[in-house]
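For reference, the chain that follows is the form predicted alone, supplied as structure tokens.
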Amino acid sequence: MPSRNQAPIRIGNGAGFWGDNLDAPYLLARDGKLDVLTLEYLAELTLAILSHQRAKDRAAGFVTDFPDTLDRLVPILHQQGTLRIVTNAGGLNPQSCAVECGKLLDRARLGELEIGIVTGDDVLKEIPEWLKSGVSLDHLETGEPLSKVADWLQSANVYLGARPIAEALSSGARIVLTGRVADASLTLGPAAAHHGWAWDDWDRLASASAAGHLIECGAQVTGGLWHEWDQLPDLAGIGYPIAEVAADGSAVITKPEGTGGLVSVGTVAEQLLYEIDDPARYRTPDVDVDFTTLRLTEHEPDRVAVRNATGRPPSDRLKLAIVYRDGWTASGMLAVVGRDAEKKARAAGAMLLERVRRSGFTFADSLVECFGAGDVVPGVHPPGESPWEVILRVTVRDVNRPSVERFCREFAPLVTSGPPGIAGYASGRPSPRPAFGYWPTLVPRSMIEATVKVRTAAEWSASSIQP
């Protein structure tokens, strides 16, 4: 299918996770000369948090930072009439997010701005029937059957692809709110809609997906985590990434002029290999991408061309991320100083667990760690003199909340009844919190149907959340 638009589309990503730099979306939209601003918020842990919130309030379950970000972007939306925003901030409740955003935009005299939502990824209610009908949802790593945890499911979300995003944009949406979609699809959707690509144009889809993968983690591709971090200009003012995606699918990765950090073949190559299993087969819902054919070229400072990705048809199955309740957990930390700090800290951790055991409580899991003594990356810390200060962290998990509560109460006594050198709290008394487990599996693509709904902000504002 020939391209409808030959001009490159300029897509900038202002968030790599929920909790990323609060100023980045605004600065990128203000200075990036963007066609599309993307915001990538979701991870498996995020889904667990959102599922806990939705369980308490049916109107909750979306990324609550996004309406505040959108409020800050209102002047830019007035000034830049073609700027579009694509984000998975809808989380487990895109409709509720759209209502909240609709009210905000309606008050800001943007009631005619159209908001699209993408749903269909949330399949929690379908799981029981699927299990009854014999659909296999075995754990991808352990092979265990889902029936093992089926009574404690909190959320179940399929990774959708770019096609419904492109549909929403083609229908006039300036803001697209999705639930769980593949990270790279946030970029591919706008690129495919802009250029009019066919959904079996595998090499173009692969190339734009590679660009999406490169910018999905925000500043990681512009110098964040770079091994020569101390040589980068103005890391405090690091610029967030932009992908200029051309009609043939190739892209240039860059950042706004005057911002800190760096875009180089090195920073791009490092991000390209981030979270990659088989570089010859990077699987997405839209296309299987072969990164081994890619070519990275730096023609100008802070501009790296990404070309020659090749693609194949994707799998007939989609990834399904399931979160289940796994009892209760708590973690506490104490600073330990002086001679033999590590020895004292480990003894204090063992002592704490033994005191809880003697009081009649046990745990399904417990972990004693000494930060500063090599426990962050076991086996890497070089041998040598014992550290003079460490942070002791003890974590427990159990289905029985009283066991976890008793653990929390045993932390403080270590200050006066443990080894010498415990300097006091590093984190106050811990509190029990819900523990969640992650269950990755696959589901036949034919069983999943994405739905797109586009309304004006005023229409969303006037709507209500259905039970």
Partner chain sequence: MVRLGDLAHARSGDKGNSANIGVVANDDVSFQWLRSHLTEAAVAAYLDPLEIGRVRRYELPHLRAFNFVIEKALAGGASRSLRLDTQGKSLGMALLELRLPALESLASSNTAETTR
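Computed from a prediction, not measured in an experiment: that's the story for all the values here. Positions refer to the first chain, counted from 1.
Keep in mind that the form predicted in complex with the partner chain is missing from the display, and what follows is about it.
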property	result
Interface stretch in the predicted complex with the partner chain - options 342-350, 82-90, 236-244, 275-283, non-hydrogen atom within 4.5 Å	275-283
4.5 Å heavy atom contact, E300 and the partner chain in the predicted complex	no
Contact test in the predicted complex: P75 vs the partner chain, heavy atoms, 4.5 Å	no
4.5 Å heavy atom contact, R109 and the partner chain in the predicted complex	no
Interface membership of T329, the partner chain in the predicted complex, 4.5 Å heavy atom rule	yes
Triplet E228, T292 and V380 all within 4.5 Å of the partner chain in the predicted complex via a heavy atom	yes
One residue of L104, V337, L367, V123 in contact with the partner chain, assessed in the predicted complex (non-hydrogen atom, 4.5 angstroms)	L367
The single option of L296, A150, L140, V135 touching the partner chain in the predicted complex, heavy atom within 4.5 Å	L296
Stretch 383-410: residues contacting the partner chain in the predicted complex, 4.5 Å heavy atom cut-off	R393, T395, V396, R397
